[in-house]
Structures are given as C-alpha cells and as structure tokens.
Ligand code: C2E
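There is one chain below, alone, in structure tokens, taken in the form predicted on its own.
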C-alpha cells in the first residue's frame, strides 16, 4: 500500500466479508476489525482485544518468498478482555512501503455455522460455561472399569447445553478445538483429585483432541506440563484423537504423539472407520488404542459389518493394540461384540455420561 486511501479501500472492501478479519500492529494492538470479527469476539471496542503471541518467523520475514508458506496457517494467541486462547489464522502481508507492511489476519472460518460455533465457544470460555461429562469404558467380560472418557459440554447460558452434534463438528472441522483444551484440562484436574477415591486408580482418564490440535506447535507442552504438574504415572491420562479433520502432516503428528507416549500418555484413535485413512493411521501413528466407531456397533448384526469388526479385532490383536467398541446399548450388542473379539466397550448399556457431582454420589 502506498497511501491511506488505498488502505481505506482495503478495509471497506473487507468490512462485510463473511470471514473474520483483523489488522494487527506489531505492538500487538488491533487497528481494525471487520463485522465478522466483531461478531465472534462480541467487541464493544478494539481495546478489548490484542494479539499477544505470533510466530516471529512470520513477523520478521516480510517480503521473503521462502516464508509464504508460513502465512498460510499461522497459530496466534489472542487476549480478549480477561481471557487468552489460541486460534488458527491465515496471514496476509500488506506492503506499506518497500521494507515494511501490516498484517491482515484472517481467522479461519469458512461457514456461517462455523462462525456461530466460534462465537458460542469463545462466549462459553469467557463466561466459564464449559463442563465435562464422564463415561466409563468397561471390560465386557468382567465389567471392570478400564477407562473413562471426558466428554465436552458447552452450556447455552439459558439452563441447557449447545447441541454436541451441531457444535462439536464445527469446532473440530473449523480447527477451533484448541479454544477449549486448556479449560478442559482445568476441569479434568477436579476428576484427577478424587479419581483414586472413586475406585478408578487403574483406569485411564481420556480427553478428546482433534487432529488439528495435534498439529499445533504448543500441543505437546500443554499436555506434558499437565502430566508433570499432577505427577501422573503412566497410562493414568490419555488422549482420544478424533478423525473429523485429516492430519496435514503424518510425520509431525507421529513425532508429537511419540513424545506424549514417552511421557506416559496413552493414545487412542477415536471414531475408527468413520474418518480419513484409518488403516494408514494405525500403521503410521504410535497409538495404543483403537476405538471402533459406534456406527459399526449399531449395525453389528449385519454380516458384512460383523466381518469388518472381526478384521479390525484381528489387526489390533496382531499389533498389540486395545480395541474399544463404542455405542453398545443392548445385551445383544455386547455379546456380539465379544464374539467378534472386542473385549472393551463403551455405551449406554454399561454407563450413561455423568457430570462429576453425580459421578461422586453414585460411586460413593
């Protein structure tokens, strides 16, 4: 840009754009935000928002052709009023003169439903309306509790909860899941504090993370710091990696998960068979557990589905992996899964998700 007039034209052209855009100054302040950005952040003033962390390579390599790839997917940390959170963005470097420029930051969101999911998620974080419900995973032969999955619940501010089947795919698909990871860990601390007292000393407590979260550069340290803080012994904490978004770099993901495994964190591949390249993930990722998608269980009586379940069971046995069947709702489902080689199950037949307070009352 060579004049304020041209910059003014740029901001006017993007003001009503459906994607959220902000203009970032190198001191961290936000100089401008379009209507979509104002919508998701619920801004009354630009003073309420700032960027507190962005990759130095992006800031320091303006005009460098070799750095263009960095701009395509750039994680940033945002401060909004009294909260901080991570977001994925695309950076547009706008020249002001030959050696300097400004950053036009596009917040990655490609749909109206994604825009609403982003606004609702940020609102839940800011007003502490994120909760976790917990569901047991059990040995189908002995009924012993082998694991517990923490399930995200977002309050709607009206006494109910946002529909998971609507908002969770948007959070994951739009790469917004990192917004809730830190708050989820705060909630998990409450369960770990009483886990042994409830009789679950040997059970693994799992948290869901999206494929995009794995690719975030701070991914490993967030979870390894959590293990160190609470001095968790191996296999007490686990991560269920969802497949709703394809991993962009299997090598990076494998290295990240290997570091987590070395820290004693158990790795489960969630929704196996429902997402991208499941068998490739089993081969190339250092996982411990395969969670068979519930749609297989729902159709377990179908001969072709039964053969597939049996095949997955054989693969898991050969690779020394645990296999968990999700969505078990009847005794018939349970017995058929056992007959097909699936020894661990999760579903309404064994246990419906409970919030921690109800969990404590029932277990004690």
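Residue numbers count along the first chain shown, from 1. Because the structure is predicted, anything quoted here is derived from the model rather than measured.
Another form, the form predicted in complex with this ligand, is not on view; read the next lines as being about it.
For the candidate set 138, 188, 122, 209, a heavy atom within 4.5 Å of this ligand in the predicted bound form is found for exactly one residue, namely 209. Put simply, of 126, 116, 156, 271 only one has a heavy atom within 4.5 Å of this ligand in the predicted bound form, and it is 271. For the three residues 165, 294 and 347, a heavy atom within 4.5 Å of this ligand turns up in the predicted bound form in every case. Residues with any non-hydrogen atom within 4.5 angstroms of this ligand in the predicted bound form fall in just one of 226-234, 256-264, 192-200, 148-156: 148-156. Within 4.5 Å of some heavy atom of this ligand in the predicted bound form lies at least one heavy atom of residue 242.
Contact annotation for residue 329: at least one heavy atom lies within 4.5 Å of this ligand in the predicted bound form.
Proximity of residue 353 to this ligand in the predicted bound form: non-hydrogen atoms within 4.5 Å are present. Of all the residues from 297-316, the single one having a non-hydrogen atom no more than 4.5 Å from this ligand in the predicted bound form is 298.
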